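The chain below stands alone, shown as structure tokens; this is the form predicted on its own.
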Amino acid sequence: MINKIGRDIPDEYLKNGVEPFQGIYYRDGYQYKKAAPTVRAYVKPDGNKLVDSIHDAVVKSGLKDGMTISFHHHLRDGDYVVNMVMKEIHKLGIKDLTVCATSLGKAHNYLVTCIEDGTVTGISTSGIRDEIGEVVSEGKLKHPAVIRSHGGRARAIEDGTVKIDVAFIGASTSDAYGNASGKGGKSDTGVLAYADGDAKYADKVVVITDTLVDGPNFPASIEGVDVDYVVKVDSIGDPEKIATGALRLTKDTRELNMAKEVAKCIYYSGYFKDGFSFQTGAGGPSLATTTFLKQYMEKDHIKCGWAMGGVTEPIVDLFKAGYVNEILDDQSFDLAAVASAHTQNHFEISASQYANPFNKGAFVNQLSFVILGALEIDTGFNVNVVQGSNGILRGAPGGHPDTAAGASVSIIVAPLIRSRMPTVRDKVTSVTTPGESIDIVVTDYGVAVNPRRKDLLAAFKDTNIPLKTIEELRDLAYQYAGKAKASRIYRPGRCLSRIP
């Protein structure tokens, strides 16, 4: 079936209620019943849910072949929980599991062994990188991998599309009753926002912590009323590795120049007003934009009402300096953000509050601006951030399609050429975020505005923003790097991505 972007979706993927993409606002007004977990009541006055080991917790949870388990990734490359749990499952000989994770990266490469021997036969995630991405791309996963945005994952759990049998939640601190937090302890992550839906909707919930505290452990990111078992381990991870390679403060002149153009686009857009809201991605130019934006805020005596998302040090710096009134945090991207999460007016929000398109007030729909990166952009303004040009899974949609669809102005910033490959091209390898969501593309060779946004074209008309059409940017990319060759897509990998 041909979807709205013109991509032919094989019938084998259109099963179990899965639909082809039909537009970013296709489901506006859609009604559904929320799913509900099976709950085993605790009636007797015993507040101790401690078990001796992860092994015991897995056994007590009743985990069996064919079930779905979930994890979160707030510790990112420093996470130990996924591997600790999967090794115990491996020893028990449980097979045919689906792993529903908020994101998977190199810290979780033990899953490769689990995929190859049939312990894991399905993956549902908002990100897939490193060796796991390679093994899935090579077709070694039995069932199609499903990649959803952060908002799409929250929606799928809440409406029952994804049913989690057992959720394993790594927590910085917890009391014996399961009131858990991302704050404090040996492995401070700041927030546990992504695990909120897992705790509320999974049939069984296991909290794994390296710091037990006296109860009640309030305020709790995960409430004890949702938790079945608590396990104390030596360490749940290394917080020093929360900031990954994707998160970097740039000193590159080219990237700094692009960041200046992004800030200029924001300033002249007509949406740069006192109380505006914004979010940035993790790439170098995106992060640098906050520095140049500060200059315009000082110039016009404007403050940001709130900043959101994967929170980073540049946003925290603006917050400390009084240029941002509040921070809404669903993921602390570095240690500066982790520390800030302990302060006043830095608020934790769940993944559903952040970006679920099927609730009554996701914050992405209140964004003034979002600044995002891209691996590829095509002449339809479609963006790819998941697959390399060779077809290998190497990235994460995260909140990319959610924020682009919700923000008043969505801006993509990327170099015209990357590693001698054209970034702007005729057709992207796969579509993560559809072109109807993208308003501006900023490159080091010019700025393209989506023709849909006549208001932005008019606003930029008499400025020194170097406007070009997207076709002109493509032609320049091909002139300097050659025309992009047809990508080799690993057909056996069977990856189903961009489910709203």
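Not measured: the values here are computed from a predicted model. The first residue of the sequence shown is number 1, and the count goes up from there.
Form predicted in complex with another copy of the chain: not shown, discussed below.
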| query | finding |
| --- | --- |
| Location of another copy of the chain contact in the model of the complex, chosen stretch of 96-104, 404-412, 312-320, 383-391 [non-hydrogen atom, 4.5 Å] | 404-412 |
| Exercise: Asn464 in contact with another copy of the chain in the model of the complex, heavy atom 4.5 Å | no |
| Another copy of the chain contact at Tyr25 in the model of the complex, heavy atom, 4.5 Å | yes |
| is_contact(Lys64, another copy of the chain) in the model of the complex, heavy atom dist at most 4.5 Å | no |
| Any non-hydrogen atom of Lys49 within 4.5 angstroms of another copy of the chain in the model of the complex | yes |
| The single option of Ile371, Val81, Val205, Ile147 touching another copy of the chain in the model of the complex, heavy atom within 4.5 Å | Val205 |
| Selected contact from Asp130, Glu326, Asp77, Asp210, since only one has a non-hydrogen atom within 4.5 angstroms of another copy of the chain in the model of the complex | Glu326 |
| Joint contact, Tyr42, Asp228 and Phe358 to another copy of the chain in the model of the complex, by non-hydrogen atom at 4.5 Å | yes |
| Those residues of 215-236 which, in the model of the complex, come within 4.5 Å of another copy of the chain by heavy atom | Gly215, Pro216, Phe218, Pro219, Glu223, Gly224, Val225, Asp226, Val227, Asp228 |
